[in-house]
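The data below hold one chain only, encoded as structure tokens and taken in the form predicted alone.
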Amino acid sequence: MKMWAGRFRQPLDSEFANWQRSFSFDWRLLAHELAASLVHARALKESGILSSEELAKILQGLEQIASRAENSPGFRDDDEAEDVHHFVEKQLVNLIGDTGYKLHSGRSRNEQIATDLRLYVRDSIDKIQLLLANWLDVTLSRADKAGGAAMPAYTHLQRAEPVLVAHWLLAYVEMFLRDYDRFSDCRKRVNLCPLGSGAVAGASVSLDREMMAAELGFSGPTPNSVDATSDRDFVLEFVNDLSILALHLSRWAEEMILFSTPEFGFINSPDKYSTGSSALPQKKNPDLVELTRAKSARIMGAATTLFVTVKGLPLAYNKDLQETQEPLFDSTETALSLLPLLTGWMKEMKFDYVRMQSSVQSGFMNALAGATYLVHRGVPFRMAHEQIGKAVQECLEKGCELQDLSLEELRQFNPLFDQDFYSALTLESVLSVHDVSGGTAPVQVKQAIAEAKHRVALLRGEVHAHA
């Protein structure tokens, strides 16, 4: 029986009936639909719509549906169910008879889908955050193990200054900590309960909305029934946050790909996450990180689809909103499947510290430290910059580095150069000169790693508190 068929004299066109069904994808909401239905049934009992016996039958039936869904793989094969709500009603009536129809008293599919989606997004945020915490733990472990190893930092994709490998990794830690915070902020707005909103104007029977919200772990009920049944801001926000996460993953992947090429040679991609060429025997292709770039585009595309779908909709519920589900499911599942693989990749990859270290020993990456040397002797930075630039030009003509110039050659640019200038150009000195909070000086990086570990531990506790 259709949930709405009484008004109609003719059956649906068979092709249209199949085409407009959503059960092929919204079955993902089954556990959330059952949880919300259990709570709604209890509210109906408190309002006098259900007797104690009817409530017991409905609760037992819903629990049986949950058990069958978990233990019988083919249970959800249903060519007639219009959506997950219709599926649950059909199964419930099959199990307990016409009493099952009473469950729909005082509610609408408009509020049901809004509730199910909020539960799905909230659950997905918790899973994403746990996976992010795992990735952060592994990255911080790699930063710890990198110790005093140095590498070039780049601007404009040109070598700029030496930094500790750990400092470079901490840049990604900061990116993903911001992502984590965005999901936490999104979760606050997700965590309101639409149950009791009805189709658009509110439930037609007296229901304890505060009780229903509390039992489902929401912070409270949604304040307006018109908004509650048509709001998909929480979906837009969540997938937009996923898009920023995907963007960061793509930037990270791009560097991993570049640094694993022979031209850089800083990273050895793990065999477990690489493939070969069917034609070229020597090849090891970084397929996981390459696909990460492509998967990020998929998630960003889902965000665009959602924005364009919702942008022209009048209040309140419109069938168009059904089309917001697949982009949500696809982007969520893409992120959930990707993050554990990238954590595994990060555990297994190898740094070529020797290659990284040697790459910072040439190319005038100590030029800023040279200018800073003059600044400490009272030379205005702009003049120091120019004088070191002229010294670099001299080196380019001679085919040498700054430290290879004699004091006599250096003093033609500024008489303040002295023997201690050469110690200021060593890698150790170049790193240590950046001794400010957030800088790459070893003492600062060691402290930054400890602080980041503490932050991640707190975040992990937050996720477990939601479980």
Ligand code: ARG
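Residue numbers run from 1 along the displayed sequence. Bear in mind the structure is a predicted one, so any value in this text is a computation, not a measurement.
From this point on, the text means the form predicted together with this ligand, which you will not see here.
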**Asked** Taking the shortest heavy atom distance, is Gln325 within 4.5 Å of this ligand in the predicted complex?
**Response** yes
**Prompt:** Given that the partner is absent here, does Ile113 sit within 4.5 Å of this ligand in the predicted complex, heavy atoms only?
**Reply:** yes
**Asked** Any of the heavy atoms of Gln444 lying within 4.5 Å of this ligand in the predicted complex?
**Response** no
**Item:** in the predicted complex, His167 touching this ligand (heavy atom, 4.5 Å)
**Value:** no
**Asked** Among Arg159, Arg76, Arg109, Lys295, which has any heavy atom within 4.5 Å of this ligand in the predicted complex?
**Response** Arg109
**Request:** Heavy atom within 4.5 Å of this ligand in the predicted complex: which of Glu89, Asp83, Asp231, Asp179 fits that? Just give me the one.
**Result:** Asp83
**Message:** So if I measure heavy atom distances to this ligand in the predicted complex, which of the stretches 316-324, 128-136, 286-294, 186-194 falls within 4.5 Å?
**Reply:** 316-324
**Request:** Can you tell me which bits of 18-33 touch this ligand in the predicted complex, meaning any heavy atom within 4.5 Å?
**Result:** Ser22, Asp26
